[in-house]
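As structure tokens, one chain now follows by itself in the form predicted on its own.
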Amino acid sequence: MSKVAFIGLGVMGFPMAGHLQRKGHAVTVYNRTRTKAQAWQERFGGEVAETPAAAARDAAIVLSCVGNDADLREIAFGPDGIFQSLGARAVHIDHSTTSAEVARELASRAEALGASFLDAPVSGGQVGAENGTLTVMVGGDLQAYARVESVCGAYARSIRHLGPSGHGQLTKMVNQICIAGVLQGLSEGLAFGMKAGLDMQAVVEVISKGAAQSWQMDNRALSMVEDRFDFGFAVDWMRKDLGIVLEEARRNGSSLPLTALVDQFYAELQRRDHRRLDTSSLIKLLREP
């Protein structure tokens, strides 16, 4: 099995790195908050490194899952960053959701070292990470992808190479555009049904068997009706993702009127101090005065 480094043990990275260790890979982890890395080690075994560079040293595959472009640049290019020790022929796979621009930047820097970089954002949320059923969208060198595809299978149900560097992130942007629209439509439909006095459990059971069905309906509709939002992907993170989407749309000339509108709805949730609620909390704006 491969010697693997994993940088970033948030709600996604913690279980993803755990799946790799359980599959028999020799995993060394790094997390900015060391107590989180120690908790991971106590649960899964493996090794804890003091810096990203120390974790990446001699690793055939380096994986990362952090917050944004700035975080990724810090762990990659900082004085103790991955690229200080990334070996020739090593592959850095980044599972963060970032801009396509930073993905291309890292790919170019990796190539100069004789290594490879793959932008590989994921979809499926915390539950998908914990259950090992994530969808992974990959951009970058096809030969590098072929070398690491089976490793990513430790925590993914679906892995797809989608083109050159940046195309994984661009595909994730499409994913987030679609989710934003679906969640707003679901929020409005559920709020309407509740105002009409319908039995919403029965309504959801019926319409989820037809053309209105979606992952969001299957997994979030009833909790939205019950006003439960203490799980899943937080408003703050969706707002960050939609900011990346809208910036890319300005760059490539796309018109995204609904996405821009939903982005402002999420901004209102932030203003109301709902920053850490699940993204399905859009419905609160239709139920609260």
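All residue numbers are counted from 1 along the displayed sequence. Treat the numbers as computed from the prediction; the structure is a model and nothing was measured. Between two forms, the rigid core is the largest collection of C-alphas that superpose within 1.5 Å.
In what follows, reference is made to the form predicted in complex with another copy of the chain, a form of this protein that is not presented.
Checking 144-152, 211-219, 68-76, 107-115 against another copy of the chain in the predicted complex, the stretch whose residues place heavy atoms within 4.5 Å of it is 211-219. Another copy of the chain is not shown here, but in the predicted complex it comes within 4.5 Å of a heavy atom of residue 254. With a 4.5 Å cutoff on heavy atoms, residue 259 counts as touching another copy of the chain in the predicted complex. Proximity of residue 162 to another copy of the chain in the predicted complex falls within the 4.5 Å heavy atom cutoff. Under a 4.5 angstroms non-hydrogen atom cutoff, another copy of the chain in the predicted complex has residue 248 among its neighbouring residues. For the options 90, 186, 156, 102, the residue carrying a heavy atom within 4.5 angstroms of another copy of the chain in the predicted complex is 186. Applying a 4.5 Å heavy atom cutoff to another copy of the chain in the predicted complex picks out 135, 137 from 122-141, in order along the sequence. Residue 196 is among the residues whose C-alpha shifts by 2 Å or more between the shown form and the other one once the rigid core is aligned.
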